[in-house]
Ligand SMILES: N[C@@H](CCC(=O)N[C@@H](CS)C(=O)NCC(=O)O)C(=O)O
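In structure tokens, the next block holds one chain alone, the form predicted on its own.
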């Protein structure tokens, strides 16, 4: 029987989707928690497993597998039951498109929202920036920490998320899930990000989107999601996000109105 070890972060969205997938598969694993605030993901011993210095890394029988989207597809192939992909080729293609959008567009926006609203108030954030390997990530983090919700990047991130949720609403309202009308790796990939929005006090982005609201309620009620996300969330991080999210929401709501107004004007022109 294969031995599974997971190097992960408590509230890391990428770690969350791997933990959810492992839980859905009923697969036991050994935990190696890395404190991302202390830059443990940049320690030499970890970089031997994952040269990118990010979490998660899944080690199966001593062989490391990196990149969360790759990991969860690997798990679904390795452990066929229960299947977490649509049964038809078109459904699987749509699943991969949602996952591609998440990796290439949405994931960086999440860091901007989180840092601008909450993590800029965390002790030691300046030291954390200096340890970041990727210069683009480091630049985004610096702007978010310095300017908060007034950062130009924050406005772009909010607009990007608002469009994403609008696109999700259209599909989910019609089909119930993101791909092929069934619960899949696409939903698993996005649920941690939707949870993050709620933790940051951005539930207002879900208003007027009943399909999305039902999808969120349905998936967060799954035992695997509770086990893999809720049970790992540290109180101090939740408190930080909820406190500063509530403080920031009036200004964020105003920015959201401006963003939506600009988008409407551009569509009309």
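Numbering follows the first chain given and starts at 1. Computed from a predicted structure; not experimentally measured.
In what follows, reference is made to the form predicted together with this ligand, a form of this protein that is not presented.
Visitor: Honest question, do 85, 176 and 218 all end up within 4.5 Å of this ligand in the predicted bound form by heavy atom distance?
Guide: No: no residue has a heavy atom within 4.5 Å of the partner.
Visitor: Identify, from the list 163, 156, 137, 170, the residue with a heavy atom within 4.5 Å of this ligand in the predicted bound form.
Guide: By the 4.5 Å heavy-atom cutoff, the listed residue in contact is 137.
Visitor: Could you tell me which one of 92, 120, 107, 198 places a heavy atom within 4.5 Å of this ligand in the predicted bound form?
Guide: None of the others qualify; the residue that does is 107.
Visitor: Taking the partner as it appears in the predicted bound form, which of 222 to 230, 40 to 48, 235 to 243, 22 to 30 has residues with heavy atoms within 4.5 Å of this ligand?
Guide: Selected stretch: 40 to 48.
Visitor: Does residue 132 reach this ligand in the predicted bound form, with heavy atoms at most 4.5 Å apart?
Guide: Looking in the predicted bound form, residue contacts with this ligand include residue 132, since a heavy atom lies within 4.5 Å.
Visitor: Residue 12: heavy atom within 4.5 Å of this ligand in the predicted bound form?
Guide: Residue 12: yes, in contact with this ligand in the predicted bound form.
Visitor: I'd like to know whether residue 55 contacts this ligand in the predicted bound form, with contact meaning heavy atoms within 4.5 angstroms.
Guide: It does: once this ligand is placed as it appears in the predicted bound form, residue 55 has a heavy atom within 4.5 Å of it.
Visitor: Test of understanding: in the predicted bound form, would residue 59 fall inside 4.5 Å of this ligand by heavy atoms?
Guide: Outside the cut-off, so no.
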